[in-house]
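Okay, here we've got a single chain as structure tokens, the form predicted on its own, with questions on binding and movement later.
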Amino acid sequence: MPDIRLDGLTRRFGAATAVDDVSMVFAEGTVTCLLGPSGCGKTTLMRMIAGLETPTAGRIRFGDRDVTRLSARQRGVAMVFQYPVMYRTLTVAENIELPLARDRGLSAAERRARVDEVLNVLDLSAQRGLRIGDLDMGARQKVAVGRAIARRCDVVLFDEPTTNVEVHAKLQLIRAFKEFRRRVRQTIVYVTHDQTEAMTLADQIALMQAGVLSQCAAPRVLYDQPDSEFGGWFLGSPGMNFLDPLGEDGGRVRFAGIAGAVAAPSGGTAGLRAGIRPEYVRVFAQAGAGRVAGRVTGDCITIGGQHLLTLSVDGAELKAKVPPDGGMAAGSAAYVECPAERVMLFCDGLRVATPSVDQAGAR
């Protein structure tokens, strides 16, 4: 199976640039999720890989083969769309087998074996004889996934396949996706705006912003070491806290919510902000070393078994995720600690360093 290589890929629609000079590699046999907000260019990028859009500039390679000007059929890719395209009068099994009939190298017995395997993997065996018109949207999408898998193309593309299905069917689709990935190794590009889906399924995530590749890394690296404020904000629920400087003294900068001082970069404090994720912010009822006095300003909200607190510290708003027994009422005094090893420094939106924070007492 080939890797996919993009070199300076650009797509313009008149004066609008949907994808701007993207270069990256989708390693063979891996799942890469294209992640980002609506309108960031991820679907346009995937459609160029599929051969459904022609690049304005740049090249696309599958392994050593330049496919930039080849049609979708010539590229030999399988694709699953947001809305499943099905033959409603055919059964589940017939829909999955239909594309295989074009492969003259497959016997009828081999086609049936592939269909049986896919039905088993996707837990569709009981519905094999049902017509597509009798299925709900989630089951139809599973059939669409099965049809793509059965073709055994080297490259499979998924365009937000869970967007239009209800929650239970979405979870079933994700489980089925993980199961077929365990059995079959294909190079997969998966477009989604759902960060949880991307973190669950991907070997690497390509985070896009306004047509540009913001960062491409393994899910945990992308979350723990964002290259930009955008990455820190977009990933996480809620995203990263960003703290403005309170002032500079002798090359050390103080930030809202951080007890110690941070070494200022050579460019000074212009465009400088510190970032920390809510789950790393510690909240206490009493003062202590390394803690900054603040106040709880909003009601405690429960998210995924944790409490989300909104605090005012040094005039800035700070979000903190705390254990279930750490909830505090609105208006309560609170003392905040931002561990130095969890603080990141950004300048003009880009991460510049992991700062060293002086140890300091409460303030």
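Owing to the predicted nature of the structure, the values given are computational and were not obtained by experimental measurement. For every residue, the number given is its place in the sequence shown, counted from 1.
Quick note: we don't show the form predicted in complex with a small molecule, though the next part is all about it.
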Identify which of 227, 160, 94, 117 has a heavy atom within 4.5 Å of the small molecule in the model of the complex; exactly one of them does.
-> 160
Partner-contacting position among 323, 63, 39, 298 - heavy atom within 4.5 Å of the small molecule in the model of the complex = 39
From the candidate stretches 64 to 72, 31 to 39, 312 to 320, 333 to 341, select the single one in contact with the small molecule in the model of the complex, where contact means a heavy atom within 4.5 Å.
-> 31 to 39
Can residue 345 be called a contact residue for the small molecule in the model of the complex at 4.5 Å between heavy atoms?
-> no
Is residue 9 close enough to the small molecule in the model of the complex to count, meaning some heavy atom within 4.5 Å?
-> no
Tell me, yes or no, whether residue 22 is in contact with the small molecule in the model of the complex, where a contact means a heavy atom of each within 4.5 Å.
-> no
